[in-house]
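For reference, the chain that follows is the form predicted on its own, supplied as structure tokens.
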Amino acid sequence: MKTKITNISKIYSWNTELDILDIKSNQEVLIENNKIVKITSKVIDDVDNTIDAEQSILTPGFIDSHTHPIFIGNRADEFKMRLEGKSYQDIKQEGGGILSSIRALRKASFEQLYLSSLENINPFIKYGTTTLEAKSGYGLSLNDEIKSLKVIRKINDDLDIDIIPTFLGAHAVPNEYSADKYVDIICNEMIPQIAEEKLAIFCDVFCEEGYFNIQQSRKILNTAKSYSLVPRLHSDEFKYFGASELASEVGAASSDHLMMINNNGIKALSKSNTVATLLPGTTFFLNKKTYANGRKLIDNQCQVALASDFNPGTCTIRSLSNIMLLAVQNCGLTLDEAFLGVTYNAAKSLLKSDEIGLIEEGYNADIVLWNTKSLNEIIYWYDSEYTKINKIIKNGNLI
């Protein structure tokens, strides 16, 4: 089927050759077999279907490359505890934090977890996200991690957006094991089984003091690579830990958080293909004062993406427009750089930059039609941007 989008105000994408924002006016877009096959100023005839953009601007569908949506219940009580002065680490020591979500997930049936996670993921769509990375990590046993990844697979089958699975068995150390014993279980039991069942594309590790150290993280990620799982890394969030350097060493697709990265970490990322993914929503939600220095990363030739880090404990934001606003206000990014961070660079971090993240011939037809006059308005209407979305197209189909 051939579909054209007509009556377009402007098309916003990224010029990968000049590395600048690309703006096209008075164009029509032809879609065939879920792909963009032509962008032209000429009138396109001989189509089966026409989508009237009604003078909307077009952007690529947003890509959220770091989320934790597979959970049940919430941790609103911990939010109140932080407001009263307790830190993330204090709450962990009292049995809260990630371990609290683990207890809830382990008690849940597959169907209960599926319905809860579906409710967590559905709202992303109305905010213009058409591709979502989703991590396991609230099971921390072989059966519960597999249950979580199978929930991701089912939701991916059931929803119109694409969901890319990441195995995050190394999210925390469960109470029943020492750290080294649990690392052995991840490497000897979890990774082989998950790889055999093809349940994940990526393997992530929370490399942080009190969670997994550099040696343990290296062992997990090198084991993952031997089973064809691609490394990702939670890096240098609460203190500089050398995790960003490890991300570069193991060839991770992405090194995420980076609030406390230092010059050594920046230098390592700048010399690698690892994308630096900033998660300013978490800094905001935790009421921290130190945001990741995106300006310094970009000025040192690091590739920077943005993501929501949606999770039950430290960020419940699902809007990438809001994340863009936080990045512009607090991380030193320009609007153009923030736009790049939720489109093409986010696609790079998921190893999909030849398929998504651009409105370009040959790319998937993942397109958001915004009822605005310019890109500026997407973050200007920060608390109601979903009312500014006219239509969403995923793989060439209106959703």
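Start at 1 with the first residue shown and count on from there. In this text the structure is predicted, and so the values were computed from the model without any measurement.
Not pictured, yet referred to below: the form predicted together with a small molecule.
Let me test this: is every residue among Asp64, Arg232 and Ala347 within 4.5 Å of the small molecule in the model of the complex, going by heavy atom positions?
Judged in the model of the complex, none of Asp64, Arg232 and Ala347 sits within 4.5 Å of the small molecule.
Contact residue in the model of the complex, from Ser254, Ser217, Ser244, Thr282 (heavy atom within 4.5 Å of the small molecule):
None of the others qualify; the residue that does is Thr282.
Which residue, Ser319, Thr314, Thr130, Thr274, is the contact with the small molecule in the model of the complex, using a 4.5 Å heavy atom cutoff?
Filtering the options by heavy-atom distance leaves Thr314.
Just one stretch in 263-271, 185-193, 108-116, 234-242 has heavy atoms within 4.5 Å of the small molecule in the model of the complex, so which one is it?
Comparing against the small molecule in the model of the complex, the contact stretch is 234-242.
Under a 4.5 Å heavy atom criterion, is Phe167 part of the interface with the small molecule in the model of the complex?
Output for Phe167 is no: heavy atoms all beyond 4.5 Å of the small molecule.
Residue-level contact is defined here as any heavy atom of the residue lying within 4.5 Å of the small molecule in the model of the complex; does Phe212 satisfy this criterion?
Looking in the model of the complex, residue contacts with the small molecule do not include Phe212, since no heavy atom lies within 4.5 Å.
The small molecule contact in the model of the complex: Phe206, any heavy atom under 4.5 Å:
Within the cut-off, so yes.
Would you classify Ile98 as touching the small molecule in the model of the complex, given a 4.5 Å non-hydrogen atom cut-off?
Ile98: contacts the small molecule in the model of the complex.
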